Structure formats: structure tokens, C-alpha cells
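For reference, the chain that follows is the form predicted alone, supplied as C-alpha cells.
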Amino acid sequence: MILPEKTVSRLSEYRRILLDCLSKGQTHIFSHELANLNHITAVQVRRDMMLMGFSSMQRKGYDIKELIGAIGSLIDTPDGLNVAVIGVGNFGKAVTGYFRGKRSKLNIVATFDVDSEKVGRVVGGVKCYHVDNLPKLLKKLKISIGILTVPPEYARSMAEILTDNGVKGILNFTTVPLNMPDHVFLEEYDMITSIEKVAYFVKNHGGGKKSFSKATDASKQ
């Protein structure tokens, strides 16, 4: 079963929230509680649970451990996937350091850069290689996902190297829009777009959790 992109995004968000709840000793959660924490409606949560084939205990709500496991069985790859970060500037370092160790089924195994002062060193807990070695190491390290944090002028050439050497998914943090072959899944994140989105809701709703939540509920259906 191939889930819609927005559903997969919500499942990942649910898991992040559930892991936090579990760390605080909580064992069960109701749909309206999960909805409030994710700024969506309880109806949307229940729809997602039905799509997963997951049901709750009526009196206690969803079993958090079981729900985390069910989400993992749907969105994780059993043997895990290897990830590489291309471009180890300040943002690339931050991405590597933040993400490393967060998910057992996604492993950042290498970073790449052209800076000789970074090459050969451990950056964000991961060894940095020269970008000239990218084609060889993509195959050797069985890297399936590439995260692009390079300067804009290098985005397209780096994306081409990734796709030509077996990478099946790219997360693009550059400001350059990419066109990928059909067999490569592309996710593009532009920080300016996100900030402008926040600014729009501040302008039109005066900010605030309730007005933002209502607006995002409509966009996530």
C-alpha cells in the first residue's frame, strides 16, 4: 500500500509526538489529544488510523507503544537506509548533527564537501569526504538518500551525480528547484517559503495557535 504524501508526513509527526509522550511516562493517548498536539482535527487523526488499520481501546485511547510500532512498520524500511549530506557549511553541519541518531532506520553514513579543511575530519559525528569521491562512495556505502545543502549554483550538478549513481530520494534544502527522473522521490524545503507562510498568518490572523490551527486543518485534509 502506497500512502499519500500528506499522510506519511502526518504519521512521521505523530511518531515524533508519541515518542515525546512516551518519554514522559504516558502510555495511552486519545485521538483528540494527538490532534491538539499536531494542530489538526480529531477526525483527521481517526482517518489516518483507519487507513493504517489501527484501532484504539475505547476507554484508554491508543496504546502509544503499539501505535509507534504500527507507524514504524509502515514508513520505515526493515533493513534501514543510508543517507549522505552533500555540502558541509553551517547548515549542513546543523542538519547532520541534529538528525544523526534520531531514527534507527535512517543512518547518515557520510558527508561531502570541497573544503580541504573539512575533508577527512568528522563533522557532526560523521566522516567528511571530498565531493570528487561522491560517485564511488555512493555505491560503496549503499547510499539511497541524498540531502543537498550546497550553494545554489551546485545544486543541479550534485543532484545529477546522486541520481546517476543509484540514489532514489533527495531532500533539497537549496533555493534551486530541481527536476528529477520519475524513479527519484524529491522533497524540496525552502526556508523563505516557510517564513513567508508564518508571516502571512501573522498578518491575517494576528498569529496565535487557534487561528493557525484552523487554517492548517483545512490545508491538510
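Values in this document were obtained by computation on a predicted structure and should not be read as measured data. Here the rigid core means the biggest group of C-alpha atoms that line up within 1.5 Å when the two forms are laid on top of each other. Counting begins at 1, following the sequence as shown.
Here the subject shifts to the form predicted together with a further copy of the same chain, a form of this protein not shown in this document.
Phe185, heavy atom within 4.5 angstroms of a further copy of the same chain in the predicted complex: Heavy-atom contact with a further copy of the same chain at 4.5 Å: present for Phe185.
In the predicted complex, Glu153 touching a further copy of the same chain (heavy atom, 4.5 Å): Output for Glu153 is no: heavy atoms all beyond 4.5 Å of a further copy of the same chain.
Close approach of Ser23 to a further copy of the same chain in the predicted complex, 4.5 Å, heavy atom: Result no; Ser23 lies far from a further copy of the same chain in the predicted complex.
Ile147, heavy atom within 4.5 angstroms of a further copy of the same chain in the predicted complex: It does: once a further copy of the same chain is placed as it appears in the predicted complex, Ile147 has a heavy atom within 4.5 Å of it.
Option from 157-165, 25-33, 176-184, 59-67 whose residues, in the predicted complex, bring a heavy atom within 4.5 Å of a further copy of the same chain: Contact-bearing stretch, as computed: 176-184.
Stretch 174-201 - residues with a heavy atom within 4.5 Å of a further copy of the same chain in the predicted complex: Result: Thr175, Val176, Pro177, Leu178, Asn179, Asp182, His183, Val184, Phe185, Leu186, Glu187, Tyr189, Asp190, Met191, Ile192, Thr193, Ser194, Ile195, Glu196, Lys197, Val198, Ala199, Tyr200, Phe201.
Post core alignment: Asp164 C-alpha displaced by 2 Å or more between the shown form and the other one: The answer is no, as the C-alpha of Asp164 shifts between the shown form and the other one by less than 2 Å after core alignment.
Threshold 2 Å Cα movement between the shown form and the other one for Glu196, core superposed: Superposed on the core, Glu196 moves its C-alpha 2 Å or more between the shown form and the other one.
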